[in-house]
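We've got the same protein chain twice here, in two forms, each standing alone as structure tokens: structure 1 and structure 2.
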Structure 1
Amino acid sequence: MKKLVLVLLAAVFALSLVGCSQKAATQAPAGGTEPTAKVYNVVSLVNGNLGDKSFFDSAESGLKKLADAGRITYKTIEMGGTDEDQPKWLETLNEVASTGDYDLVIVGTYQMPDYLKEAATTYPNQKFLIYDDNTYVGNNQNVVNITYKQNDMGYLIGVFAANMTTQTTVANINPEAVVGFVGGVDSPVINDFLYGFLTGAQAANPDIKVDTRYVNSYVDTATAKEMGLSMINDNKADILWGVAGLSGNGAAEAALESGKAWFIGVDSDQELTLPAEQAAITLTSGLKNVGQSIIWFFDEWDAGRTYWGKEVRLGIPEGGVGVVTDKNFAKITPKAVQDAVLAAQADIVAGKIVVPTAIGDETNAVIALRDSLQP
């Protein structure tokens, strides 16, 4: 009898251990935390090299933050950016997609959509993300296009410029309320920057004048410089915003050479990329926050919200765009101007300000506004 009791007790104890282990397997870990979310394996293909202090470095910073938080593992492949490197771009895309090793392949910029479309069509089960391009939106259901609300960014820069041009106690600011916009090409994307800029400037100062000109090139610094000098010398513009790729740097050259104006950068923090003398007269820059947009994408993916086959445009509320608020902005800009910019940013996030866009606007309202504000 004693032996039978011992056997029964042993059986009960064993069953209790099984029950505990099954319960532990289905419960959250101790401390009330949720079960660990999926860790994604990601590869980022750079059609250039890191160290650009622009889009590629921004993407890398976002990926590193995700990796440091334990949310992804990733590898960055620098493919080079010269003409001789370009044949490697499609080859590398196909190579990483064919392995099936990655939950997501990331590429970016206007040079990659043709290569991406071919790879995405060849490997329909591979997920891809391309940032700052919407060329083939919807053509492949395994691709998400992330673009940026440059109109939101433009609004903040417009508020900044219109307020700053009245601060005559600041060096190089004259009594005339005139600022300049040097655009690359008269196109919907460039005019989206412009629409926000004009709207923000007019909201800050109804009497503002904006000298708007287009270089018709993204690599012609000489023409941009001539335009900038004319804006400064003929129309007394004291702040120039260059939204023209490499051409925009010509506007920075004009501001520096004249000794009578300031420059504002675009897309990346141009105080970090321009030569020292030009960086010194760069007050701020409008930013496309590629790294933050990638973090936003993974936040959405983890929440079960996916955008395959679609374009998502990210603005200030999502952290997709913004302005530089340290360095010269903090050192040179009067506090009243800083406060005006931060207040405008808060109002956009809160939905109190909805910035109009030139994208898809067939009324050409931006053209009418542009022409009405010419000096």
Structure 2
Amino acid sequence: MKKLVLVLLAAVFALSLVGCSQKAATQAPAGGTEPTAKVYNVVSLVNGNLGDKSFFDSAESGLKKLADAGRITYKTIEMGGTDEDQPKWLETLNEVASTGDYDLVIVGTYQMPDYLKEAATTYPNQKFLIYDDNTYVGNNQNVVNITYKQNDMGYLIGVFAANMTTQTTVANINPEAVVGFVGGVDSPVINDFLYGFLTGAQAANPDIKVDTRYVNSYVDTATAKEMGLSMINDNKADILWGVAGLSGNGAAEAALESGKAWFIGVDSDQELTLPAEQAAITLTSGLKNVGQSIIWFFDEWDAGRTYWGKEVRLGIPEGGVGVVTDKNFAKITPKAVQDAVLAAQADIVAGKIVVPTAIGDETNAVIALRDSLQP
């Protein structure tokens, strides 16, 4: 009992202290005299484990850079990603929020919004950031949603794939203008990648065919492999883009095993993480730079621009998304294809190309386009 009282007292003290420091932080920019050199105390809750070579590692690297630059102090809590771990997620969120020790609590992915909503409602004075999800934008004024223009990234990959699939001088490329898209689940976020991919591919080659299939799982590599093999053997696809989490690697295996196709990765630079043989047939990867986006967020915060209660969609200029342009991209891809991708990237940044998005699109135009391009 004594202990409990002590802990509670400590919590109250900590909370009041943070309250003070937060006030100081928001007052300074209003004065407008000097830039705040506040060191934020941040906690990152990972609803999985580090070492995913993707989102969580990316977020961690961003936080580490900030910490190395002396701009934040941070702690990462790995909550585990299995069904059995899920009950801990809300508990952990509430626990860190209740301490009041942190200026910002960072969570991410589509699995967290429900828990976050509850915690953010219980602790209205705690600031939260969630990346790659926009389920409850504006629901809580203490939450900022960071999302990524995966449609812009998809467009670049589409331009790349459609240009590449007719470069018959490159090994394993057949004359047929068919490429494949192995998606995770038929959902708005995956279809946002797809929408960009389809429009980019079509812009590069009006006769392009895109074989789109969904694994309906983010972990079932074997099923993804079956789908990839079917695309290659039945429809003569020679470039496969795997956008299905861990399942996506099955598409790389299909490309490798058939010996007739190339693979494109997603979210992180998969050339660095796949087994050597699969990396060798990975041409490029579409990147979601979670770490970069967190750095961007702190840049903005320091500059006095805050987005609480809002969604920010980060694209190419902010470094939120991009494509890998070194290694195999530089080595294997013909110059003309490289130039086409870079030109498309410049056009998107300049606003000359506006890539449509599948998110919040009630007309489901992406579905119609998908079906019309299916071989």
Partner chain sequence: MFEQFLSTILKAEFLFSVIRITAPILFAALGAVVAEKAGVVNIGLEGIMMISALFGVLFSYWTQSWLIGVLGALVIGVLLSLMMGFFAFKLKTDIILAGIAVNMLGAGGTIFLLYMFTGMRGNTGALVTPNTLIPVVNIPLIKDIPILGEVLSGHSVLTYVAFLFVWLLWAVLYKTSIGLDIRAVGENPDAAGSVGISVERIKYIAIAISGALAGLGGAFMSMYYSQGWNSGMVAGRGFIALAAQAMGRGEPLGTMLSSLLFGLAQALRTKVSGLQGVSSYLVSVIPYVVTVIGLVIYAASTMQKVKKHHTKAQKGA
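Start at 1 and count along the sequence of structure 1; that gives the residue numbers used here. The term rigid core refers to the most C-alpha atoms you can superpose between the two forms while keeping them within 1.5 Å. Worth saying up front: this structure is predicted, and the values here are computed from it rather than measured.
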Can you spot the form predicted alone among structures 1 and 2?
-> 1
Hinge check: of Leu194, Val321, Ile208, Gly184, which sits where one rigid part gives way to the other between the two structures?
-> Val321
Can you give me the hinge-style rotation of the smaller rigid part versus the larger one between the two structures, in degrees?
-> 15
Once both forms share the same rigid core frame, by what distance in Å has the CA of Glu84 shifted between the two structures?
-> 8.4
